[in-house]
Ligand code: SAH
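Take a look at this one chain, the form predicted on its own, written out in C-alpha coordinates.
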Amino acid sequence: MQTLQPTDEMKKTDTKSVFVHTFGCQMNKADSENMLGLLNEIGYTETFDQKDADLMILNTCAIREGAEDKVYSWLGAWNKIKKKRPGTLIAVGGCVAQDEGQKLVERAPYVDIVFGTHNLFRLPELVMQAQETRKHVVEVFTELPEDLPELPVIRQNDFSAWVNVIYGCDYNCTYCIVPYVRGRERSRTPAELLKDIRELGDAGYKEVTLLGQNVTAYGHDLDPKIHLGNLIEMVGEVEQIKRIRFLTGHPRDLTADIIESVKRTPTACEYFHIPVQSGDDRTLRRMARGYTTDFYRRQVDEIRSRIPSASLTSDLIVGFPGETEEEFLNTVRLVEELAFDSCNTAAYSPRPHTPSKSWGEQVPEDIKFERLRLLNTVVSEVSHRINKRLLGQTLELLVEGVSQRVETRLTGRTRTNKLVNFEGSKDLIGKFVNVKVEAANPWALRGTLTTGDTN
(Lines give C-alpha, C1' and ligand atoms only; values in the text may rest on other atoms or scores of the structure.)
Protein backbone atom coordinates (compact mmCIF):
# COMPACT_ATOMS: atom_id res chain seq x y z
CA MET A 1 0.00 0.00 0.00
CA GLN A 2 1.08 3.55 -0.69
CA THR A 3 1.22 6.00 2.19
CA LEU A 4 -0.89 9.08 1.51
CA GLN A 5 1.38 12.11 1.08
CA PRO A 6 -0.11 15.60 1.41
CA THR A 7 0.61 17.89 -1.54
CA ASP A 8 2.55 21.14 -1.15
CA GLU A 9 -0.70 23.04 -1.63
CA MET A 10 -2.29 21.08 1.21
CA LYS A 11 0.67 21.78 3.49
CA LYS A 12 0.20 25.54 3.07
CA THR A 13 -2.94 25.42 5.22
CA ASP A 14 -2.74 27.63 8.31
CA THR A 15 -3.15 25.83 11.61
CA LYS A 16 -6.83 25.23 12.27
CA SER A 17 -8.83 23.21 14.78
CA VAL A 18 -11.11 20.22 14.25
CA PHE A 19 -13.78 18.74 16.52
CA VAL A 20 -14.86 15.13 15.87
CA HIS A 21 -17.94 13.54 17.42
CA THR A 22 -18.29 9.79 16.98
CA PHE A 23 -21.39 7.61 17.03
CA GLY A 24 -21.29 3.83 16.98
CA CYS A 25 -18.85 0.99 17.32
CA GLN A 26 -15.12 0.61 17.85
CA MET A 27 -14.63 0.64 14.07
CA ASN A 28 -16.08 4.15 13.98
CA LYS A 29 -13.83 5.20 16.86
CA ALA A 30 -10.83 3.86 14.98
CA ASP A 31 -11.96 5.76 11.86
CA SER A 32 -12.14 8.97 13.90
CA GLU A 33 -8.54 8.49 15.00
CA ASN A 34 -7.59 8.18 11.33
CA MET A 35 -9.52 11.37 10.53
CA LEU A 36 -7.50 13.24 13.15
CA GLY A 37 -4.26 11.81 11.75
CA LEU A 38 -5.15 12.73 8.17
CA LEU A 39 -6.20 16.27 9.04
CA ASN A 40 -3.12 16.82 11.19
CA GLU A 41 -1.10 16.48 8.00
CA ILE A 42 -2.79 19.57 6.56
CA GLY A 43 -2.51 21.65 9.71
CA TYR A 44 -5.58 20.75 11.78
CA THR A 45 -5.23 20.10 15.50
CA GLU A 46 -7.93 18.49 17.64
CA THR A 47 -10.08 20.64 19.89
CA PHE A 48 -12.49 19.38 22.51
CA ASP A 49 -14.67 22.48 22.31
CA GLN A 50 -16.95 22.39 19.27
CA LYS A 51 -17.70 26.12 19.56
CA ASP A 52 -14.04 26.93 18.78
CA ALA A 53 -13.62 24.49 15.89
CA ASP A 54 -12.87 25.57 12.32
CA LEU A 55 -14.08 22.14 11.17
CA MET A 56 -16.71 19.98 12.88
CA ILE A 57 -16.99 16.33 11.80
CA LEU A 58 -19.83 13.99 12.67
CA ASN A 59 -18.72 10.36 12.28
CA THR A 60 -22.01 8.48 12.03
CA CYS A 61 -23.48 5.03 12.64
CA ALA A 62 -26.50 3.58 10.80
CA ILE A 63 -26.97 0.30 12.65
CA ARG A 64 -30.15 1.38 14.48
CA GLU A 65 -33.36 3.05 13.40
CA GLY A 66 -33.36 6.70 14.37
CA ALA A 67 -29.66 7.11 13.55
CA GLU A 68 -30.46 9.66 10.84
CA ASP A 69 -32.68 11.64 13.23
CA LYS A 70 -29.83 11.80 15.74
CA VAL A 71 -27.48 13.00 13.01
CA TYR A 72 -29.79 15.80 11.89
CA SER A 73 -30.38 16.84 15.48
CA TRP A 74 -26.62 17.28 15.97
CA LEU A 75 -26.28 19.03 12.63
CA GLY A 76 -29.04 21.48 13.54
CA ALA A 77 -27.16 22.45 16.69
CA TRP A 78 -23.95 22.80 14.72
CA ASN A 79 -25.66 25.09 12.21
CA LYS A 80 -26.33 27.52 15.05
CA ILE A 81 -22.60 27.51 15.86
CA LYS A 82 -21.77 28.00 12.20
CA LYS A 83 -24.02 31.07 11.97
CA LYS A 84 -22.08 32.65 14.83
CA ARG A 85 -18.72 31.71 13.28
CA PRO A 86 -18.92 32.23 9.50
CA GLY A 87 -16.38 30.12 7.69
CA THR A 88 -16.74 27.13 9.98
CA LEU A 89 -17.02 23.89 7.99
CA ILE A 90 -19.36 21.01 8.82
CA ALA A 91 -18.55 17.50 7.55
CA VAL A 92 -20.42 14.22 7.87
CA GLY A 93 -18.70 10.85 7.49
CA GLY A 94 -19.34 7.25 8.48
CA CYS A 95 -22.19 4.91 7.74
CA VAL A 96 -25.06 7.41 7.48
CA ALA A 97 -22.99 9.46 5.04
CA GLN A 98 -22.21 6.32 3.03
CA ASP A 99 -25.92 5.57 2.82
CA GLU A 100 -27.40 9.05 2.40
CA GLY A 101 -24.78 10.77 0.25
CA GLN A 102 -26.23 13.78 -1.58
CA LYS A 103 -29.48 13.52 0.42
CA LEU A 104 -27.61 14.88 3.45
CA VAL A 105 -26.91 18.26 1.87
CA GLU A 106 -30.38 18.39 0.35
CA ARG A 107 -31.89 18.05 3.82
CA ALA A 108 -29.17 20.05 5.62
CA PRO A 109 -27.76 22.54 3.07
CA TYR A 110 -25.41 24.02 5.67
CA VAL A 111 -23.35 20.80 5.58
CA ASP A 112 -20.17 21.42 3.57
CA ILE A 113 -18.62 17.97 3.18
CA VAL A 114 -20.05 14.46 2.92
CA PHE A 115 -17.68 11.50 2.66
CA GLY A 116 -18.29 7.77 2.97
CA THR A 117 -16.64 4.88 4.75
CA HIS A 118 -14.74 3.81 1.61
CA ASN A 119 -13.02 7.13 0.87
CA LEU A 120 -12.01 8.28 4.35
CA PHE A 121 -8.42 8.54 3.05
CA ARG A 122 -9.58 11.36 0.74
CA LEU A 123 -10.65 13.60 3.64
CA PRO A 124 -7.77 16.14 3.42
CA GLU A 125 -8.44 16.75 -0.27
CA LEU A 126 -12.17 17.13 0.34
CA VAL A 127 -11.58 19.63 3.15
CA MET A 128 -9.19 21.65 1.00
CA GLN A 129 -11.73 21.64 -1.83
CA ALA A 130 -14.50 22.89 0.45
CA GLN A 131 -12.24 25.61 1.87
CA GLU A 132 -11.28 26.87 -1.57
CA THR A 133 -14.60 26.65 -3.41
CA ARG A 134 -17.04 27.29 -0.56
CA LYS A 135 -19.33 24.81 -2.32
CA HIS A 136 -20.76 21.48 -1.19
CA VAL A 137 -18.32 18.59 -1.56
CA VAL A 138 -20.01 15.19 -1.68
CA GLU A 139 -17.91 12.10 -2.44
CA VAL A 140 -18.99 8.56 -1.61
CA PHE A 141 -17.20 5.55 -3.14
CA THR A 142 -19.28 2.43 -3.66
CA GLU A 143 -16.33 0.12 -2.86
CA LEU A 144 -13.00 0.22 -1.08
CA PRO A 145 -10.14 0.94 -3.50
CA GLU A 146 -7.92 -2.00 -4.37
CA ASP A 147 -4.80 -0.11 -3.29
CA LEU A 148 -6.01 1.41 -0.03
CA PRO A 149 -3.48 3.94 1.34
CA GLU A 150 -1.94 3.48 4.76
CA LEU A 151 -3.61 6.04 6.99
CA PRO A 152 -1.98 8.21 9.66
CA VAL A 153 -3.61 8.12 13.06
CA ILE A 154 -3.82 10.21 16.22
CA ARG A 155 -4.67 7.94 19.14
CA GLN A 156 -7.02 9.00 21.90
CA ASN A 157 -4.75 7.57 24.58
CA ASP A 158 -1.15 6.40 24.75
CA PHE A 159 -1.56 2.89 26.17
CA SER A 160 -4.41 1.10 24.31
CA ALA A 161 -5.01 1.12 20.56
CA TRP A 162 -7.58 -0.05 18.02
CA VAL A 163 -6.11 -1.77 14.95
CA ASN A 164 -8.34 -2.49 11.94
CA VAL A 165 -7.38 -5.93 10.58
CA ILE A 166 -10.31 -6.64 8.22
CA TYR A 167 -12.87 -4.36 6.61
CA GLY A 168 -16.44 -5.16 5.60
CA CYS A 169 -18.62 -8.26 5.92
CA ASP A 170 -19.52 -11.03 3.45
CA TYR A 171 -22.64 -12.16 5.31
CA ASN A 172 -26.07 -10.92 4.28
CA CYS A 173 -28.09 -10.98 7.48
CA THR A 174 -31.57 -9.83 6.60
CA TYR A 175 -31.62 -7.04 9.22
CA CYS A 176 -28.12 -5.62 8.81
CA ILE A 177 -27.00 -2.59 6.81
CA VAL A 178 -23.27 -3.15 7.46
CA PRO A 179 -22.45 -4.93 4.15
CA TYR A 180 -24.08 -2.05 2.28
CA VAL A 181 -22.22 0.75 4.07
CA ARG A 182 -18.93 -1.07 4.77
CA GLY A 183 -18.62 -3.34 1.73
CA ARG A 184 -17.29 -6.87 1.39
CA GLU A 185 -14.52 -8.40 3.49
CA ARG A 186 -10.96 -7.38 2.84
CA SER A 187 -8.10 -8.39 5.13
CA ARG A 188 -4.95 -6.38 5.69
CA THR A 189 -1.71 -8.31 5.31
CA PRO A 190 0.13 -9.63 8.38
CA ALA A 191 3.26 -7.70 7.38
CA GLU A 192 1.35 -4.43 7.31
CA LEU A 193 -0.38 -5.13 10.61
CA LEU A 194 2.75 -6.27 12.42
CA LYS A 195 4.56 -3.12 11.28
CA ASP A 196 1.78 -1.01 12.80
CA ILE A 197 1.68 -3.02 16.02
CA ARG A 198 5.46 -3.02 16.49
CA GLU A 199 5.38 0.77 16.10
CA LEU A 200 2.65 0.92 18.75
CA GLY A 201 4.79 -1.20 21.07
CA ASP A 202 7.80 1.02 20.48
CA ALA A 203 5.65 4.05 21.29
CA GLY A 204 4.71 2.57 24.67
CA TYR A 205 1.33 1.03 23.92
CA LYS A 206 0.48 -1.98 26.07
CA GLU A 207 -2.80 -3.23 24.62
CA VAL A 208 -4.15 -3.65 21.09
CA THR A 209 -7.66 -4.60 20.00
CA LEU A 210 -7.86 -6.25 16.58
CA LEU A 211 -10.98 -4.89 14.89
CA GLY A 212 -13.31 -6.01 12.13
CA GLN A 213 -16.99 -6.09 11.31
CA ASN A 214 -16.28 -9.82 11.20
CA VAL A 215 -12.85 -10.18 12.73
CA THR A 216 -13.03 -13.98 12.99
CA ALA A 217 -13.06 -14.13 9.17
CA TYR A 218 -9.63 -12.52 9.04
CA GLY A 219 -7.23 -13.96 6.48
CA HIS A 220 -9.54 -16.12 4.37
CA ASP A 221 -9.05 -13.76 1.39
CA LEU A 222 -5.26 -13.59 1.64
CA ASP A 223 -2.79 -15.65 -0.37
CA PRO A 224 -1.68 -17.77 1.33
CA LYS A 225 -4.73 -18.01 3.57
CA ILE A 226 -4.26 -17.62 7.30
CA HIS A 227 -6.71 -17.28 10.18
CA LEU A 228 -7.17 -14.89 13.08
CA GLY A 229 -5.40 -17.27 15.45
CA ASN A 230 -2.27 -17.11 13.31
CA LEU A 231 -2.35 -13.32 13.53
CA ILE A 232 -2.91 -13.39 17.30
CA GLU A 233 0.16 -15.61 17.73
CA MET A 234 2.23 -13.25 15.56
CA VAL A 235 1.14 -10.24 17.60
CA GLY A 236 1.89 -12.25 20.74
CA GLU A 237 5.55 -12.15 19.77
CA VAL A 238 5.64 -8.33 19.98
CA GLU A 239 7.25 -8.06 23.39
CA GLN A 240 5.94 -4.63 24.40
CA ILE A 241 2.27 -5.55 23.81
CA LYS A 242 0.93 -7.09 27.01
CA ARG A 243 -2.71 -7.61 26.03
CA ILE A 244 -4.40 -8.62 22.77
CA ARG A 245 -8.17 -8.44 22.23
CA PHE A 246 -10.38 -8.87 19.16
CA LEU A 247 -13.84 -7.63 18.18
CA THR A 248 -16.36 -8.58 16.72
CA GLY A 249 -16.71 -12.10 15.29
CA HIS A 250 -19.37 -14.21 13.58
CA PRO A 251 -20.02 -17.59 15.25
CA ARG A 252 -19.54 -19.51 11.98
CA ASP A 253 -15.98 -18.24 11.61
CA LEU A 254 -14.84 -18.92 15.16
CA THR A 255 -12.81 -22.10 14.76
CA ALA A 256 -11.16 -24.38 17.29
CA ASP A 257 -7.81 -23.23 15.87
CA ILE A 258 -8.58 -19.61 16.76
CA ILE A 259 -9.65 -20.58 20.28
CA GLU A 260 -6.52 -22.68 20.70
CA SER A 261 -4.35 -19.77 19.55
CA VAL A 262 -5.94 -17.55 22.21
CA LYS A 263 -5.26 -20.25 24.78
CA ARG A 264 -1.57 -20.67 23.94
CA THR A 265 -0.77 -16.97 23.45
CA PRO A 266 0.01 -15.57 26.92
CA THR A 267 -0.90 -12.00 26.00
CA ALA A 268 -4.22 -12.93 24.33
CA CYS A 269 -7.07 -11.99 26.66
CA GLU A 270 -9.54 -14.66 27.74
CA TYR A 271 -12.47 -12.74 26.30
CA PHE A 272 -14.80 -13.58 23.40
CA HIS A 273 -17.56 -11.34 22.06
CA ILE A 274 -19.57 -13.58 19.72
CA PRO A 275 -23.04 -12.25 18.79
CA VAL A 276 -25.82 -14.86 18.77
CA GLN A 277 -28.63 -12.34 18.03
CA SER A 278 -31.47 -14.77 18.87
CA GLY A 279 -32.02 -17.90 20.91
CA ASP A 280 -34.63 -19.28 18.51
CA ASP A 281 -33.82 -21.38 15.44
CA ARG A 282 -36.68 -20.14 13.24
CA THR A 283 -35.72 -16.54 13.96
CA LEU A 284 -32.07 -17.31 13.21
CA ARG A 285 -33.06 -18.81 9.85
CA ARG A 286 -35.12 -15.74 8.97
CA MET A 287 -32.22 -13.53 10.03
CA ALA A 288 -29.99 -15.57 7.65
CA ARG A 289 -27.42 -16.07 10.40
CA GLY A 290 -26.35 -19.44 9.02
CA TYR A 291 -26.28 -21.44 12.26
CA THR A 292 -28.59 -22.96 14.85
CA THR A 293 -28.68 -22.54 18.60
CA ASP A 294 -27.12 -25.99 18.96
CA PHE A 295 -24.21 -24.90 16.77
CA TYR A 296 -23.75 -21.81 18.93
CA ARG A 297 -23.89 -23.94 22.09
CA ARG A 298 -21.08 -26.11 20.69
CA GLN A 299 -19.01 -22.97 20.04
CA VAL A 300 -19.51 -21.89 23.65
CA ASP A 301 -18.58 -25.38 24.86
CA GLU A 302 -15.43 -25.23 22.73
CA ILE A 303 -14.39 -21.94 24.31
CA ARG A 304 -15.13 -22.97 27.88
CA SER A 305 -13.62 -26.44 27.60
CA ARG A 306 -10.34 -25.02 26.29
CA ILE A 307 -10.29 -21.80 28.36
CA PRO A 308 -12.42 -22.28 31.50
CA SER A 309 -11.62 -18.78 32.76
CA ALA A 310 -12.86 -17.08 29.56
CA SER A 311 -15.64 -14.53 29.68
CA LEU A 312 -18.23 -14.54 26.91
CA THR A 313 -20.42 -11.65 25.80
CA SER A 314 -22.97 -11.42 23.03
CA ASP A 315 -25.43 -9.28 21.06
CA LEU A 316 -29.18 -9.91 21.09
CA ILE A 317 -32.09 -8.52 19.07
CA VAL A 318 -35.70 -8.71 20.22
CA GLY A 319 -38.83 -8.07 18.17
CA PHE A 320 -37.51 -9.32 14.83
CA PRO A 321 -40.39 -9.37 12.30
CA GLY A 322 -42.63 -12.34 12.98
CA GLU A 323 -41.00 -13.19 16.32
CA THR A 324 -43.60 -14.85 18.54
CA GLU A 325 -43.71 -14.63 22.32
CA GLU A 326 -42.45 -18.20 22.60
CA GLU A 327 -39.58 -17.50 20.22
CA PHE A 328 -38.62 -14.46 22.28
CA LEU A 329 -38.70 -16.58 25.43
CA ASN A 330 -36.27 -18.99 23.74
CA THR A 331 -33.80 -16.10 23.67
CA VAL A 332 -34.37 -15.47 27.36
CA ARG A 333 -33.80 -19.17 28.10
CA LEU A 334 -30.58 -19.20 26.10
CA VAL A 335 -29.22 -16.26 28.11
CA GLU A 336 -29.98 -18.11 31.33
CA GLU A 337 -28.53 -21.37 30.02
CA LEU A 338 -25.28 -20.03 28.56
CA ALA A 339 -24.75 -17.42 31.30
CA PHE A 340 -23.20 -14.63 29.26
CA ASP A 341 -21.02 -12.26 31.25
CA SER A 342 -22.94 -9.43 29.61
CA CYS A 343 -24.96 -8.72 26.46
CA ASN A 344 -25.62 -5.80 24.20
CA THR A 345 -29.37 -5.83 23.63
CA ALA A 346 -31.58 -3.92 21.20
CA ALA A 347 -35.08 -3.84 19.83
CA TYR A 348 -35.20 -4.66 16.12
CA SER A 349 -34.77 -1.59 13.89
CA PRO A 350 -35.88 -1.73 10.23
CA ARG A 351 -32.93 -0.45 8.20
CA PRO A 352 -32.83 0.66 4.56
CA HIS A 353 -31.39 -1.77 2.01
CA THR A 354 -32.30 -4.79 4.18
CA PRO A 355 -34.91 -7.45 3.28
CA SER A 356 -36.60 -7.53 6.68
CA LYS A 357 -37.52 -3.84 6.44
CA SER A 358 -40.31 -4.63 3.97
CA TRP A 359 -41.56 -7.81 5.61
CA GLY A 360 -44.99 -8.07 7.13
CA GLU A 361 -45.47 -9.19 10.71
CA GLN A 362 -43.57 -6.21 12.12
CA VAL A 363 -43.74 -6.48 15.89
CA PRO A 364 -45.50 -3.48 17.51
CA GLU A 365 -43.18 -1.05 19.26
CA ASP A 366 -44.77 -1.49 22.69
CA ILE A 367 -44.29 -5.27 22.51
CA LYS A 368 -40.68 -4.90 21.34
CA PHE A 369 -39.78 -2.65 24.22
CA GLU A 370 -41.60 -4.78 26.78
CA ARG A 371 -39.57 -7.75 25.55
CA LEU A 372 -36.40 -5.68 25.69
CA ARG A 373 -37.16 -4.68 29.28
CA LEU A 374 -37.64 -8.31 30.33
CA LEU A 375 -34.52 -9.47 28.49
CA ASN A 376 -32.42 -6.72 30.08
CA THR A 377 -33.66 -7.77 33.50
CA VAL A 378 -32.54 -11.36 32.91
CA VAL A 379 -29.20 -10.28 31.38
CA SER A 380 -28.55 -8.11 34.45
CA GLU A 381 -29.45 -10.89 36.88
CA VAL A 382 -27.09 -13.32 35.14
CA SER A 383 -24.29 -10.73 34.94
CA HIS A 384 -24.69 -9.90 38.62
CA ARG A 385 -24.52 -13.56 39.59
CA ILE A 386 -21.32 -14.03 37.59
CA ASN A 387 -19.69 -10.86 38.91
CA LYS A 388 -20.38 -11.79 42.54
CA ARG A 389 -18.18 -14.86 42.06
CA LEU A 390 -15.23 -12.47 41.83
CA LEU A 391 -15.74 -11.02 45.33
CA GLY A 392 -12.56 -11.32 47.35
CA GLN A 393 -10.37 -12.04 44.33
CA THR A 394 -7.40 -9.87 43.38
CA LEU A 395 -7.45 -8.94 39.69
CA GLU A 396 -4.95 -7.26 37.39
CA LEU A 397 -6.30 -4.14 35.67
CA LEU A 398 -5.09 -1.87 32.94
CA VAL A 399 -6.15 1.54 34.27
CA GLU A 400 -8.11 3.43 31.61
CA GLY A 401 -9.05 6.72 33.22
CA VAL A 402 -10.99 8.62 35.84
CA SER A 403 -14.55 7.68 36.75
CA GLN A 404 -17.12 10.09 35.34
CA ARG A 405 -18.88 10.25 38.71
CA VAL A 406 -16.07 10.58 41.26
CA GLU A 407 -12.82 12.38 40.45
CA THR A 408 -10.73 10.37 42.92
CA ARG A 409 -12.00 7.09 41.50
CA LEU A 410 -10.20 5.35 38.66
CA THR A 411 -11.53 2.75 36.27
CA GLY A 412 -9.79 -0.14 34.56
CA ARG A 413 -10.42 -3.47 32.88
CA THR A 414 -9.38 -7.02 33.60
CA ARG A 415 -8.14 -9.41 30.94
CA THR A 416 -11.71 -10.77 30.79
CA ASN A 417 -13.03 -7.24 30.10
CA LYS A 418 -14.58 -6.67 33.52
CA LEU A 419 -14.84 -2.99 34.42
CA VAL A 420 -13.45 -2.26 37.90
CA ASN A 421 -13.60 1.02 39.83
CA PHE A 422 -11.20 1.86 42.66
CA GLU A 423 -9.72 4.84 44.51
CA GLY A 424 -6.34 5.94 43.19
CA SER A 425 -4.22 8.75 41.77
CA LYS A 426 -4.29 9.81 38.12
CA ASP A 427 -0.64 8.89 37.60
CA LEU A 428 -1.78 5.23 37.50
CA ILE A 429 -3.65 5.77 34.21
CA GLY A 430 -2.13 3.57 31.53
CA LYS A 431 -0.49 1.25 34.07
CA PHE A 432 -1.25 -2.24 35.30
CA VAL A 433 -2.38 -2.50 38.91
CA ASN A 434 -3.78 -5.18 41.21
CA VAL A 435 -7.15 -4.55 42.83
CA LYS A 436 -9.02 -6.67 45.37
CA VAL A 437 -12.74 -6.91 44.51
CA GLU A 438 -15.00 -5.83 47.38
CA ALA A 439 -18.34 -5.12 45.67
CA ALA A 440 -20.12 -6.24 42.53
CA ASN A 441 -23.07 -5.08 40.48
CA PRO A 442 -24.29 -6.26 37.05
CA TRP A 443 -22.20 -3.72 35.14
CA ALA A 444 -19.00 -3.27 37.13
CA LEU A 445 -16.91 -4.24 40.11
CA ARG A 446 -15.45 -2.08 42.87
CA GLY A 447 -12.26 -2.79 44.73
CA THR A 448 -9.22 -1.58 46.62
CA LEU A 449 -5.73 -1.08 45.22
CA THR A 450 -3.41 -3.67 46.72
CA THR A 451 0.05 -3.17 45.30
CA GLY A 452 0.16 0.03 43.28
CA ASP A 453 1.25 -0.14 39.68
CA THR A 454 2.84 -3.37 38.50
CA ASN A 455 5.01 -1.94 35.73
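Numbering starts at 1 and follows the sequence shown. Note that the structure is predicted; figures quoted are calculated from it, not measured.
What comes next is about the form predicted in complex with the ligand, which is not displayed.
Annotation: in the predicted complex, residues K16, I90 and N119 none come within 4.5 Å of the ligand through any heavy atom. Exactly one of the stretches 380-388, 236-244, 99-107, 347-355 approaches the ligand in the predicted complex with heavy atoms within 4.5 Å, and it is 347-355. The partner is absent here; in the predicted complex, the one residue of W78, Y175, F159, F340 having a heavy atom within 4.5 Å of the ligand is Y175. Contact annotation: of the candidates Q131, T283, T293, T248, the single residue with a non-hydrogen atom within 4.5 angstroms of the ligand in the predicted complex is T248. In the predicted complex, the ligand lies farther than 4.5 Å from every heavy atom of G219. At least one heavy atom of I317 is located within 4.5 Å of the ligand in the predicted complex.
Within 4.5 Å of any heavy atom of the ligand in the predicted complex lies no heavy atom of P124. Although the partner is absent here, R64 is a contact residue: one of its heavy atoms lies within 4.5 angstroms of the ligand in the predicted complex. Along 251-284, residues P275, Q277 each place a heavy atom within 4.5 Å of the ligand in the predicted complex.
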